[in-house]
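Listed next as structure tokens is one chain, alone, in the form predicted alone.
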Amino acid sequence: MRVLRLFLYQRELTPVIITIGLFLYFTIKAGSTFTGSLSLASAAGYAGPIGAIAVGSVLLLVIAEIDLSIGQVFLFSPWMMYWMHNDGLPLVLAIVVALLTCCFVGAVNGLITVRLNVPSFVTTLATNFILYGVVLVASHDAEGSPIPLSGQTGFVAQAMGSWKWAEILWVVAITIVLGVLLNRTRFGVRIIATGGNLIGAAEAGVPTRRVKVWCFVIASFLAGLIGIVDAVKYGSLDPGNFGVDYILYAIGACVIGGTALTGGRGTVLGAFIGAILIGLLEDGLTLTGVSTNQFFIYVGVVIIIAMALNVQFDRLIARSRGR
């Protein structure tokens, strides 16, 4: 019973069960086509952007906030790098400027939310549209290509996205760092305290406003970083891409992974596994001949199943603690 209780206490239990089930199903259905290197790299390609945005969103969801703009930040960051480099700025400086701009966007979102008391949903929704408009205007609605480092074989180029596994490895590293940050540091304790009881945390001396602003900054920075890696991977930028799709998938991954939307509880690892689950689902459905349009139905069903399982596990945990 002790082993069972420890097992149930893990918030990552639900996505792990569903992911394993999907992997076995598609392995049986598609065979070696699904388990081959090309297929798994494709699944990782789907999961990478979702995973990076999702693990950053966990920090915000834990403090009972949300950032609808980080999907657009993911798309905006490589455009900034592309424009700065084309204007003559060295590539390293162009990347630094792009990432600092992402941090600035996050800081503005956070400051408007905590200083002006504008709900983060409204603030970041507005920022999402602003960034999308900036891309459309500045790009003149023309594709951005070629992306610096894309298609090159040097170590730096491979590490920044030219290698097919680079993006997902970046996301794995980010997941590990944020997992340690949230669960093993004082800042992580402050995040959880802020989300669990805002007034109580403030009275205990936690700088709750500063904590919230930093969470917005970190989420934007990570989205921007992986946005650059993703652009290098594919070699071009489409100004028509809209970031809301990415954030919806990311929130779905967080929910699947066991993060509470009411704040105070979240798991970075669970969000990452949720993103892997969505990547496997999209790749597996494509290989088995299922229509792309049906993919959204399956994602919705998986989210409902995951939430139902999370509720049941919570009840089992409550019962075990009451004994």
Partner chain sequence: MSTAAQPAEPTPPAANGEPVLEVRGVTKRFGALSVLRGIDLNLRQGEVLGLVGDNGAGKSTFVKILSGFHRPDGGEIVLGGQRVSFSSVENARTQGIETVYQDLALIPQLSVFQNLFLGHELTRLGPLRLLNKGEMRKLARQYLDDINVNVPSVDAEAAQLSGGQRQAIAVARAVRSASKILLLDEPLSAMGARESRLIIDLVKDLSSSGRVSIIVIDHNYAHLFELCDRLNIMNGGRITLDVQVHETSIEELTELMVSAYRRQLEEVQNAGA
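Everything numeric in this text was worked out from a predicted model, so none of it was measured. Numbering follows the first chain given and starts at 1.
Omitted from view is the form predicted together with the partner chain, to which the following refers.
For the options Pro119, Pro239, Gly235, Gly200, the residue carrying a heavy atom within 4.5 angstroms of the partner chain in the predicted bound form is Gly200.
Exactly one listed residue, out of Val172, Cys103, Val180, Leu248, brings a non-hydrogen atom to within 4.5 Å of the partner chain in the predicted bound form: Val180. Per the 4.5 Å heavy atom criterion, the partner chain in the predicted bound form is contacted by stretch 187 to 195, the sole one of 150 to 158, 187 to 195, 215 to 223, 124 to 132. Although the partner is absent here, Gly205 lies within 4.5 Å of the partner chain in the predicted bound form, judged by heavy atoms. Contact annotation for Lys29: none of its heavy atoms lies within 4.5 Å of the partner chain in the predicted bound form. The partner chain is not drawn, but in the predicted bound form it has a heavy atom within 4.5 Å of Gly263. The partner chain is not shown here, but in the predicted bound form it comes within 4.5 Å of a heavy atom of Arg210.
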